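Below sits a lone chain in structure tokens, taken as the form predicted on its own.
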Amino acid sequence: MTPSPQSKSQPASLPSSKPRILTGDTPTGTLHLGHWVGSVKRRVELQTTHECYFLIANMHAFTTRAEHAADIRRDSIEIVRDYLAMGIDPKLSAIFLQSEVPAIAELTFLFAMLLPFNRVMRNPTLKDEIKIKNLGETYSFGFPLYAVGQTADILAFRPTGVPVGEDQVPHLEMTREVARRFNQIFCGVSEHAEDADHEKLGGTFPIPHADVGAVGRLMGIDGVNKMSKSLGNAIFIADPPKEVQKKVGKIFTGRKTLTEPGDINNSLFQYVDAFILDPARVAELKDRYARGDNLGDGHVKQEVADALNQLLEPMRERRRPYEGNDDAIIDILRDGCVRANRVAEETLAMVKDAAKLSYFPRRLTLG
């Protein structure tokens, strides 16, 4: 067996007195640059100052891929490799599987009673996914339920903040509604209370805020849609240098000549803003491009590709020890699930006490 880079690591001393955050991803394969700038970069920044829980939403993946269970398992392991590559440290942050935290499922059932069905179906992110994934009327009952499940994913950990991409903010607003409604119905918090006051007024849940990354929505290389694996317009964290160069070369701008004034609000210059770190160089490129000063798309794309490969090379290095080493990933997930269940079970006990559902104590153990 290949030695585990993280074998039998000891769980970090969580929970702590630090402010807590929770966020995660549905496993659909390797992560891409949109994930990095939208949320993961922010997670890496926060993990030294916050108590961090990062969820692999493998049960949510079943809402549209139930017939591909083996693929979901593979993707759940693969996404952890990308977390580690991008700089998530399992000694600082708990990385865990949704399916191994039973309190989430119990909370989902209860929270479903606090949300009108029409409210769930009005969620704009849910509507967008039905359209983008071409689900029509064929989606499972579990598909809209996953929007409720996301509220349980979050509130099980009573976080103060949730690092998310821009498209996930509507899901978080539903979470905030559930937290307020629970606190009002079961904890006696006034409906006129300020969000910041809910806990000190006796509420079980803080009202979490969205922590959107510097680039809330990164355009894909097609120049039309948000970066997405399913749309084939993504640059992946694990892409080798030549593949990155090739994909950047495909970024569509519609510009035809070197002397034609260019639109610095196009998709190419979103990459310039996001990934070229020298502000003076960014300003120079924008000025020349906007004036049509003999600066072609090809030159700008080369600078973007160079910047991306400079960003990604340390990630590739961190990823290599975990390639083909599923045992190391399972060890990390096991430790993360122990930490996650500690907090989620505490939350569930608080919820059951408040809702008069507690009849005797219980203890969850992870084998």
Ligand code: TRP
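The structure displayed is predicted, hence computed values, not measured ones. Residue positions are given as counts along the sequence shown, with the first one as 1.
Just so you know, the form predicted together with tryptophan (TRP) exists too; it's not on screen, but the next bit is about it.
Asker: Just give me the single entry in 221, 164, 97, 77 that has a non-hydrogen atom within 4.5 angstroms of tryptophan (TRP) in the predicted bound form.
Answerer: The option sitting close enough to the partner is 164.
Asker: With tryptophan (TRP) left out of view, which of 26, 47, 63, 30 would have a heavy atom within 4.5 Å of it in the predicted bound form?
Answerer: Only one option qualifies, and that one is 26.
Asker: Could you confirm whether residue 154 comes within 4.5 Å of tryptophan (TRP) in the predicted bound form, counting heavy atoms only?
Answerer: Yes, residue 154 is a contact residue.
Asker: Within 4.5 Å, heavy atoms only: does residue 108 come near tryptophan (TRP) in the predicted bound form?
Answerer: Taking the distances in the predicted bound form, the answer for residue 108 is no, it never comes within 4.5 Å of tryptophan (TRP).
Asker: My question is simply whether residue 183 lines the interface with tryptophan (TRP) in the predicted bound form - judged by any non-hydrogen atom within 4.5 Å.
Answerer: Answer no; every heavy atom of residue 183 is more than 4.5 Å from tryptophan (TRP) in the predicted bound form.
Asker: Report yes if any heavy atom of residue 236 sits within 4.5 Å of a heavy atom of tryptophan (TRP) in the predicted bound form; otherwise report no.
Answerer: Result no; residue 236 lies far from tryptophan (TRP) in the predicted bound form.
Asker: Using heavy atoms only and a 4.5 Å cut-off, decide whether all three of 36, 276 and 309 touch tryptophan (TRP) in the predicted bound form.
Answerer: No.
Asker: What stretch, of 278-286, 67-75, 197-205, 144-152, brings heavy atoms to within 4.5 Å of tryptophan (TRP) in the predicted bound form?
Answerer: Comparing against tryptophan (TRP) in the predicted bound form, the contact stretch is 144-152.
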